[in-house]
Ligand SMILES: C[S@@+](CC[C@H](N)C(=O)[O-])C[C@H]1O[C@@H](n2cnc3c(N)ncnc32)[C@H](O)[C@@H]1O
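Before any questions on how it binds or moves, here is one chain, the form predicted alone, in structure tokens.
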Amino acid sequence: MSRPELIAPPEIYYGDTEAQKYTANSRIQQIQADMTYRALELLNLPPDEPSFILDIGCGSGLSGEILDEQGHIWVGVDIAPSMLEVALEREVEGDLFLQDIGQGFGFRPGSFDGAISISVIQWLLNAETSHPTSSPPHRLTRFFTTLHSALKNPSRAVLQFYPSSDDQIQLITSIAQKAGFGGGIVVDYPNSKKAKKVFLCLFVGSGGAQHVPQGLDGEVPEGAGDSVKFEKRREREKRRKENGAKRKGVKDKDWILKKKELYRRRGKEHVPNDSLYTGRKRRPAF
């Protein structure tokens, strides 16, 4: 089967039908979740503290759901209108922008605490026209230069992608370095054809204080299927089961109050009033 990025541009390939199929596929949901948890681990954000995250190629919001779960605020950009329509239908929490990342970002400098991207930047490696501005080096340069500007100092960006050759990895990393990033490539499960995943872990600032993390190594346990389980998540789930897991999707009182208060401080409109569930009285409506 041909790689999607070789069939058509993303805004065409992910039309209405394909966007719905992609979002509803349980296998894709699991893989997307696993890679998002791993990207967050590599992002190395301050523990127990909400961060403002840029989700590059957010699609229908599958990664955004994980960011919500972890208590972060996020902005998503994607070039496929149909994907963003599905995200709106699913009522995701993040703010969404229709954006060609190959043309760069227009965010205020230093806006974000970090950025993630799952299965996206390989789409920048194909020229759609013969015009010089459509060439992969030009689009990658615009992408990395404006991404570097949009991130705080210090911070990280973690971009998972599917390279088809070492030359593509070299092209991407060299342009990222010219844009001012430090860091490099992290490869999980390099000896597994199914589970191998490539992450570009980029650093803004901090001089030489940041080091490229180690990839997960060894063979994937038999029966693990096509997805790589996030190590810390597995341990957390194990502890939850031992202590009596809560119902899936139900957040505790402190988590809900903390997130609502954060939304209010950031000026988010239509934040629901505190309910009886949170243990505080609902404000009277006037």
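What you see is a predicted model, and the numbers here were worked out from it, not measured in a lab. Residue positions are given as counts along the sequence shown, with the first one as 1.
One more form of this protein, predicted together with the ligand, exists but is not displayed; see below.
The candidate stretches are 173-181, 75-83, 194-202, 145-153, and the one lying within 4.5 Å of the ligand in the predicted bound form by heavy atoms is 75-83. The ligand in the predicted bound form comes within 4.5 Å of no heavy atom belonging to T141.
A residue is said to contact a partner when one of its heavy atoms sits within 4.5 Å of a partner heavy atom; A115 fails this definition for the ligand in the predicted bound form, lying far away. Interface membership of G94, defined by any non-hydrogen atom within 4.5 Å of the ligand in the predicted bound form, is ruled out. Using a 4.5 angstroms limit between non-hydrogen atoms, P163 is distant from the ligand in the predicted bound form. Contact residues in stretch 93-111 (any heavy atom within 4.5 Å of the ligand, taken in the predicted bound form) are Q99, D100, I101, G102.
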